[in-house]
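This document starts with one chain, in the form predicted on its own, laid out as structure tokens.
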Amino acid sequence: MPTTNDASPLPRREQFPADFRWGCATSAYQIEGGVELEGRGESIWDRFCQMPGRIRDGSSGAVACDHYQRWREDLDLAADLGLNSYRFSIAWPRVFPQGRGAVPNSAGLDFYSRLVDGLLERGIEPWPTLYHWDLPQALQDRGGWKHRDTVAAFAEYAAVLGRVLGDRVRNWTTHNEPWCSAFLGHREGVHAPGVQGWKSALQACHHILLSHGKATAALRAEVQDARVGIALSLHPCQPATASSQDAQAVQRHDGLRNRWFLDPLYGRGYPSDIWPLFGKNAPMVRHNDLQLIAAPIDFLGINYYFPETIKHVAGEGPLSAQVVHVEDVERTATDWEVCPQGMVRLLERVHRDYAPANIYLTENGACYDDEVAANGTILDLQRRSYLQRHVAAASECVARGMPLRGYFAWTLLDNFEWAEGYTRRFGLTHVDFKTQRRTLKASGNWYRDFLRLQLDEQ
């Protein structure tokens, strides 16, 4: 039997159901470019990238992969891979340059309409995400996610997209990784809009979750057979030692990292064991907010990258918990631990504790420094091994009866990697950012062979 680089058996397509969704995921600000074309408004990431020292290489997403103009070429890449689904995000400031208004930007809507049509023409199911972190700057100037009015603006935006694309799009994701939007953007300040503070982060987080609930209702009102979900960045957590203190620290850390999102989405409210720890920084929650957040979802998207190891550290933030660096484990170029079995443990826990009807791995991927051979081929053997092992872990989840319905590799193209700029590459396709030339890597070739075998057998 063929094996991966670490001698683990390669996954086989027949280990998955025939209707399993196979895709790649991307996001608008990371690939589109064209930030000043056809009426697009400024986003918080456009503004953030102008601030000195915020982006590692001083770059921005102004051009990125030029996907806004090269989308046909990129959809051809997706079709050649054999994808049956493609997850992309819609840039809110392309649709509403000022965040909201009586009339949306028709050029922006036309772009996403063409993109959806292009996917369908290639036999690929569109999976749009409404929000992948690029809030219109005009809304940020009025308070952004800390302000409750942004919730209403997001619901209006969702309704317009449902009205325009709902005749061709069934699967909708409201938010991608609200933890990042709230805590990287509003507590640590390392992502846009660059705000720091627990109070701002927790209030922004509540409004993002509330906007998910309201957008879910708006989409269902516009799209008769809409399937609506949310994509969460979740992590299996383990204690650094066998001490009871570290075990309790894991419980507290998990309360914010995972349960702060899962519990309210599944009707349990915010975790009562850690809410008191935030004191005056706890968010303001109005009557009926939690009911709106808990609107039933059709699927749960899980973005899995790595596990976290936790130790108790008194006074380390309100949770007195710290993520520790584990030695002697395999790591990616971003220093993330490689642990396919962590994905199995995570899905098993979510399946057991929350019982979602459908789970999709909406992101899974790895950053490595690509090796370009003399003939121009990209020998990303570590990424290929990573991909193979995680697809094998996904097959284990299916075999163990978890309701896993699809897998989306992160990502189709090397792109603008947020605060890391262009110093990090996650793509299955190499992008030369000077020429915009696309070259499928060894990892992409393996994924294509794995998926095309499925097509050839049908």
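The model shown is predicted, which means the values in this text are computed figures rather than measured ones. Quick note: we count residues from 1 along the sequence shown, nothing fancier.
Beyond what is shown, the protein has a form predicted in complex with a small molecule; the following relates to that form.
K.L.:
Counting only non-hydrogen atoms and a 4.5 angstroms cut-off, does Y157 reach the small molecule in the model of the complex?
P.N.:
Answer no; every heavy atom of Y157 is more than 4.5 Å from the small molecule in the model of the complex.
K.L.:
Does N176 make contact with the small molecule in the model of the complex, using a 4.5 Å heavy atom cut-off?
P.N.:
Residue-level check for N176: yes, a contact with the small molecule.
K.L.:
Might F408 be said to contact the small molecule in the model of the complex, defining contact as any heavy atom within 4.5 Å?
P.N.:
Result no; F408 lies far from the small molecule in the model of the complex.
K.L.:
I'd like to check something about W418: if you look in the model of the complex, is any of its heavy atoms closer than or equal to 4.5 Å to a heavy atom of the small molecule?
P.N.:
W418: contacts the small molecule in the model of the complex.
K.L.:
Considering non-hydrogen atoms and a 4.5 Å limit, which listed residue (F261, Y386, Y305, F96) is close to the small molecule in the model of the complex?
P.N.:
It is Y305.
K.L.:
With the small molecule left out of view, which of F183, F111, W133, Y270 would have a heavy atom within 4.5 Å of it in the model of the complex?
P.N.:
Only one listed residue qualifies here, and that residue is W133.
K.L.:
Please determine, with the chain shown alone, which of 391-399, 418-426, 57-65, 40-48 has non-hydrogen atoms within 4.5 Å of the small molecule in the model of the complex.
P.N.:
Within 4.5 Å of the partner lies stretch 418-426.
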